[in-house]
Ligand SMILES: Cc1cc2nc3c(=O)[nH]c(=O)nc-3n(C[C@H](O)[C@H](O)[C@H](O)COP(=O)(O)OP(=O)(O)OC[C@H]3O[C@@H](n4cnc5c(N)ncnc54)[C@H](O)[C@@H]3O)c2cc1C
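One chain comes next, on its own, written out as structure tokens in the form predicted on its own.
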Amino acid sequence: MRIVVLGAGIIGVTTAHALAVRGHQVTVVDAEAGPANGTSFANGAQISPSEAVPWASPGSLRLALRWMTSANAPFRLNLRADPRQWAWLGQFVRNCTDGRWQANAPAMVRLAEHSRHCLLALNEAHDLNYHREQRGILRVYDRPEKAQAELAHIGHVMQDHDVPLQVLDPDGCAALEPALADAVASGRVGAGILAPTDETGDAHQFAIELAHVAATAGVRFRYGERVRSINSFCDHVTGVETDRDQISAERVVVALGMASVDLMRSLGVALPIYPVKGYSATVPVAGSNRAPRVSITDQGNRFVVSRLGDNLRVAGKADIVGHDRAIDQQRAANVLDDLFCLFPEAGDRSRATVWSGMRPMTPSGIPLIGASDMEGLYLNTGHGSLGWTMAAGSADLLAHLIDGQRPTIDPAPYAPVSR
């Protein structure tokens, strides 16, 4: 079939590749100059099924209220005269029950772990160079009881989906990652939970590498080209119109992240997706032997640190502030403060580069993957902060659905028409 994939982020590139290896004629359209130049460009670098659980939970509301009083808090909410923001927040609150969390979490972990296996297969098949590290991800806590509470909260979901977790005492954390020794000695780190099968890597570089592989398999990438509309006849997709051309297709996949919302709205479809801004900084380690190699998630301050070759990537913040992508320099500085508080000699702060991106979040945390109400039109979007974690599995799931085959995992929780 002739298939057009809209979007060349980490979701779009993996989708295009998955369809191409099945023999389809695939064209990818993206307004950017190359792959993964949007939300995927400088994310936290973690591939973390162990952290693929909903942000919406009973505890989230309590934390949000507490954090709203602090300018440096991990979360920021600016209420706006935007009905879409209010509608999304209302749906988010409705998902903040134990019952909804217990229903949503397994679907997210199942997709994330399936995606990890799909990524393993991609790496076995191709020589992909993207600073991959298979050292696990270590969550750190200031007190042991917090680690135990977290394990009690998520442990059964992880166990059900074969995601191993291991509790570490402070000495165990320092033994695993020596750069934590000072934080352990000061009492900043009092316990940890290791997810040994989680990994890290540069999503932007991965997308560049996989796009090259996909191109050799026949995928056509049309960069710098903006989608204007999706064309249809008798409620069946016939292609897309861009600012340059008309592209005919038998199937169209919308994988545009936040841009998916306006495009689908032009078809009368309101997607339950709203932007949650995040910040990251990339710091040269400058030959420092005090920079961590194991990826760290600081659960108390809600930021992550990952090693990417000769750089560290630190990422955090969750700002519901509308659609403004401009970098708030104070929020970006807070992310760097978090890094150097935990790892004072990690690298050269003066050479850090900062970035912000808009995570396309659904209220439940579950992405939208599958057929829309229009025949031949599919969605693969709404992955929030887990696009890198879920990309390969989402592409595999959608490719099965487009081919009319039974997927490896149940597609029902992700079906867009069920929302």
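Predicted model, so just to flag it, every value in this text is computed and none were measured. The numbering used is simple: start at 1 and walk along the sequence shown.
There is also a form predicted in complex with this ligand; it is not shown, and the following applies to it.
Within 4.5 Å of some heavy atom of this ligand in the model of the complex lies at least one heavy atom of residue 256. The closest heavy atom approach of residue 119 to this ligand in the model of the complex falls outside 4.5 Å.
In the model of the complex, this ligand lies within 4.5 Å of some heavy atom of residue 11.
This ligand is not shown here, and in the model of the complex it never comes within 4.5 Å of any heavy atom of residue 74. Picking from 370-378, 387-395, 62-70, 346-354 the stretch near this ligand in the model of the complex, with a 4.5 Å limit on heavy atoms, gives 387-395. Not one of 109, 114 and 362 comes within 4.5 Å of this ligand in the model of the complex, counting any heavy atom.
Contact with this ligand in the model of the complex, defined as a heavy atom within 4.5 Å, holds for exactly one of 265, 94, 226, 236, namely 226. With the partner removed from view, the residue among 315, 240, 291, 163 that has a non-hydrogen atom within 4.5 Å of this ligand in the model of the complex turns out to be 315.
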